[in-house]
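Each of two forms of one protein chain follows alone as C-alpha cells, named structure 1 and structure 2.
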Structure 1
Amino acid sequence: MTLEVAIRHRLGDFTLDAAFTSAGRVTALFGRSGAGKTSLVNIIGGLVRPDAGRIVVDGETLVDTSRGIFTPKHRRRLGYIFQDARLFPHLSVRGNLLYGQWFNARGDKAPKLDGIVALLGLEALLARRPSALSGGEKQRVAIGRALLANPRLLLMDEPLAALDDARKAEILPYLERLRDEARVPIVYVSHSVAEVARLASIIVALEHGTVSAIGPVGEVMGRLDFLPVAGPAEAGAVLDAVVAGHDDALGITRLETAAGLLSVARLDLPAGARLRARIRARDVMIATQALTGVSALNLLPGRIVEVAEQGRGVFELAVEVRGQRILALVTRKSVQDLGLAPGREVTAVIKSVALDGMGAVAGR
C-alpha cells in the first residue's frame, strides 16, 4: 500500500505544509512537540479538512481540494488509535472488540475475533470491563477493536505516550506482532526515538510543520542533520542485526551486523532472531590508535566521512564502518587534539552495556 500526502493547512499562527510518499509497513511521523505530527495524522484520518492539498491511499483519492474531493472519515476505512484508549466503560473487552465489527462492510473478508484476540494476547481479558485493565491492556483492546473494523490503514497517535516504562515494555512486543503478522499498514506518530527505531520502516521527520527528512529508519537516523530533531541524548545509528549466538557463562549475546559483530548484554532471544541495534552517538568514543586493555568489547575500525558542529563546543562525527554509518558526539577539544576530520582512519568504541535496554536493542 502506498500513502501519498501533500497538504497545506493553517492553524492560528502555525502552518502545516507537508508532503511525502511512503510504501512502508510502518511509517513513523516523528518530531518534537508542536512539529505538526498530530495535526497531520488528523488530516489523514479525516478529522480535519485541510486548506489545500491531496491525500491518496492505495490509489484512491481521499482528499483533493483542487477537485472538491473530501471523503468523510467514516468512509475512509481507516482505524485510529489515540493516546487514550477511549473504550466503552459499560462494555466488556469482548463487547468493545465486537463493536469494531459493526463498521466492517467486507463481511467474510474481515479479521476474525479469535485471531485478533490471539494476536494481541487478550484471551484472559475478554470478560473484564475497561476499569479493570492496565493502560497497556486498554491500548491492546483499542487496537483489536480497530483491526476488527478491517481498516486498510491504521493510524496510531502516540499510543504509548500515556504509559509508564513498564507498560510500554508490555505492549511493544504486541505492536511488533501487529506490524509483522496483521499486514495492516500503520502510520505511527511519536516523539520517541526508541519507539521509532524499534517499530518503523520509514520515518517522516517533521520540523515546524514541514518535512525535514524522509527515508528508511537506518538511513535517516544516520544523518548528522537528524540530531537537532532527535536531540543529542537520543540521536544515533540504527543497524539491522541477527542474533549470532550467546555466551551464557559470560552473559553475552553476539549480534551480526553489516558493520561487524557486536557484543551486548545477554538477550532473551534465540539464535537467528532478527532485530535492530540502536547505537546512540553519546555512547560512542573515538580512538585514533590501536587499543589494548580496554573494557569496551565493541571496537569497529572505520573512516570519518562527515563532521558537523552542533553548538556549544559539541561536534558530531559520522564514521563509515563497512558501508554503515556510526555516529559519535565529541568535544571541540577532541576534534582539534586528535585531528578528527573527514578521511581520518579511526576506531568507534562502544561499550556492550550501552546497547542494553528497550531503546537500544529491539525487534525488527
Structure 2
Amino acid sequence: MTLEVAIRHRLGDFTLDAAFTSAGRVTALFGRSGAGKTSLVNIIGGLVRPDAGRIVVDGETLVDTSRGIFTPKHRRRLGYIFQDARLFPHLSVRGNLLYGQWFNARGDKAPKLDGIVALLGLEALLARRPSALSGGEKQRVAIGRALLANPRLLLMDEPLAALDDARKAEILPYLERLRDEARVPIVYVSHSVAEVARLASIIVALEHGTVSAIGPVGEVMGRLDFLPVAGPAEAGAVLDAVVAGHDDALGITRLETAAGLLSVARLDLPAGARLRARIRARDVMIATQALTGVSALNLLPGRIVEVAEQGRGVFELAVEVRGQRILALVTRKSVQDLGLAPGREVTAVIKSVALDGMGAVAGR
C-alpha cells in the first residue's frame, strides 16, 4: 500500500501545504495541536475538499484538482476512526458493526463479523446500545465498524485523545493487534510521542501546516531538529528491542537492541517478545571518563556526532552507539566544561528506559 499526498488548502489565516509519500504499515501524522493534522486527515478521508493538490492511494487517484478529480468519501473505501467514536445511537452495537456491509462488496477476503468481534473483544457488547458503553468500548466498536466496511486504509484521528489513561491502556493492545493482524495499513494522527513510538512505522511530522520531517520512527526520533517538535519531556531515541532473557535473582530483564544490551526492571514478557525502547533525551547523562560506582544499569559507549543549541542554555546532542543515535539534553556549562563536540568519545549513561509496545509478541 502506498499513500501519496500533495495538497494545499487555506483555512482562514492558516495554510496547509503538505506533501508526503508513505508505504508504511502505520504512518503517524505527528504534530502539536493546530499543526494541521486533523485537517490533513479530513482531506485524505474526503470530508474536506482541498483547494489544490492530489491524493493517490494504491495507485488510484482519489483527488487531483488539476484534472478535476474528486472522489466522494463514500467511494474512497477509507475507514475513518474519529476522536469521538460517532456510533449511531439508534442502532445496537451489532447494527453499528454491520452498517458498512450494506454498501461494500463482500469478497472472500473481506473481514467477517466473527473475526473482528474476536479481534477487538466485542462479544459481550453486541446486543447493547452505544449509550450503554464506556468510552473505550465505544472506540473499539468504532474501530470494528470501520474494519468491517473493508477499507484499504484506516484513518485514525487521535483515537485515544478523549480517553483517560486507563482506557488508553485498554485500547492500545487492540491497536497493536490491528497493526499486526488485520493487514490494513493505518494513518494514525497523534500528538503523543509514546503512542507514536509504540505504534508507528513511519513518522510524518507536521509543523504549521507543512511537513517538517518524514521517515522511519527510529530515524526521525533520532534527529536533533525533531526534539523541539516532540517536546523536551518526551523526545528521545527509539530502539526496536527484543527480550533476550531474564535474571530473576537480580530482578532484571535484558533487552537486545541495535545499540547493545539494555537492562531494565523485570518484565512479565517471554523471551523473544518485541517492544520499542524509548530513551528520553532528558534521561541520558554524558560521561567523558569510564564510570564506576553508578546506579544506572545502562552505560553505552559511543561517539558524539552532532551538537546543537536548543536555546536558554540547553544543548542537545546525538551520541552514536553502534550506528544508533542516542539523544541527550545537557547544559551549556557541561558542553564547555567537558568539551563536548562532535568526534568526542563518551559514555551515554541511561537513567531510565521507557518501554512502549509491551505485549506485542514476536512471530504472531
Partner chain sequence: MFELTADEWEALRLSLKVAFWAMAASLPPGIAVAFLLARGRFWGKLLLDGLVHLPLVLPPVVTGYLLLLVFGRRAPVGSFLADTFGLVFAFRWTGAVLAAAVMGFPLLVRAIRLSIEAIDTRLEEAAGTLGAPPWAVFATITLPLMLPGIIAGMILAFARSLGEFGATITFVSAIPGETETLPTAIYLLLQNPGGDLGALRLTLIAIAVSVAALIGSELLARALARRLGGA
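Definition used throughout: the rigid core is the maximal C-alpha set that superposes within 1.5 Å between two forms. Just so it is clear, the structure is predicted and the values come from calculations on it, not from any experiment. Residue indices: 1-based, along structure 1.
The form predicted together with the partner chain corresponds to structure 2, not structure 1. Annotation: Cα of A127 displaced by at least 2 Å between the two structures, core superposition.
Relative to the superposed core, L250 undergoes a Cα shift of 2 Å or more between the two structures.
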